[in-house]
Ligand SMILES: Nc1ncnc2c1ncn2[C@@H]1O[C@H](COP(=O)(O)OP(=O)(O)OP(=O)(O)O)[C@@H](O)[C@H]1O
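Next up: a single chain in structure tokens, the form predicted alone.
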Amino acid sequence: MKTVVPPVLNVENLEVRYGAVVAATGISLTVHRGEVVALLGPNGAGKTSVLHAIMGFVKPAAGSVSFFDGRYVHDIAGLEAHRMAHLGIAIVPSAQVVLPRMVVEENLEVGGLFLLHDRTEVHRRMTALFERFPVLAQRRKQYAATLSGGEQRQLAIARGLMAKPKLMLLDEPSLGLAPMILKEIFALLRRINREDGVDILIVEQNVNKALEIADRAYVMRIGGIDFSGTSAEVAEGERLKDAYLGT
């Protein structure tokens, strides 16, 4: 009998509220092993609220969120971000992505030291990441506040990778980036998924870029998921235009 492997991330009937205001309801989505999954939708659809509930920034009003670490399924609904990190989930929010008064090396240490108590292992991980992010290696003694927007985004992603996560949650990684830097960031995310084996859920306004790297996508409209499919299905269908144009 074939063993059924649970999704790495499983969200069922999630509801997110801010007081009496319902930001999103009935949200169900999955991320399976080896996948990049995009959560798309126009401004105000509620996708960032959904991601914040998954990340633990907002406690869900209803529904369940679970994470499969390869051995056990964990209920993570409302779990604090630092406890998620211990389970193997890296969080890269859209704002305040770096510690501006710390140099690049110190930012990376913060990402790994509380999980990797062995200083030798922290150094080994940092060395490996500097090979993956050469621009950060060049600026390792530079304060994070002095980095460009694209460099800060790379630093935030690298810091998330310090603890060897199994799942990475990203909120608007393209925010404020120039087109050439944007291309580099998305290519980097795809390599992280393919080469490092990190599964990814990404909320993104740049639909074309998100669909280029995603295996599947969910499209939201007015607080709920309108439809989903493979990236090719979503990109080629008229429903994507309808969701963004409000028709």
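Every value quoted in this text rests on a predicted model; they were computed, and no experiment measured them. The first residue of the sequence shown is number 1, and the count goes up from there.
Quick note: we don't show the form predicted together with the ligand, though the next part is all about it.
*Is the gap between residue 172 and the ligand in the model of the complex 4.5 Å or less for some heavy atom pair?*
Yes.
*Should residue 205 be counted as a contact of the ligand in the model of the complex, where contact means heavy atoms within 4.5 Å?*
Yes, residue 205 is a contact residue.
*Hey, in the model of the complex, does residue 235 get a heavy atom within 4.5 angstroms of the ligand?*
Because no heavy atom of residue 235 falls inside 4.5 Å of the ligand in the model of the complex, the answer is no.
*Does residue 210 reach the ligand in the model of the complex if we count a contact as any heavy atom within 4.5 Å?*
Outside the cut-off, so no.
*in the model of the complex, which of the listed residues (44, 197, 179, 70) lies with a heavy atom within 4.5 Å of the ligand?*
The residue from 44, 197, 179, 70 that makes the contact is 44.
*Stretch in contact, per heavy atom within 4.5 angstroms of the ligand in the model of the complex, of 210-218, 61-69, 182-190, 36-44*: The contacting stretch is 36-44.
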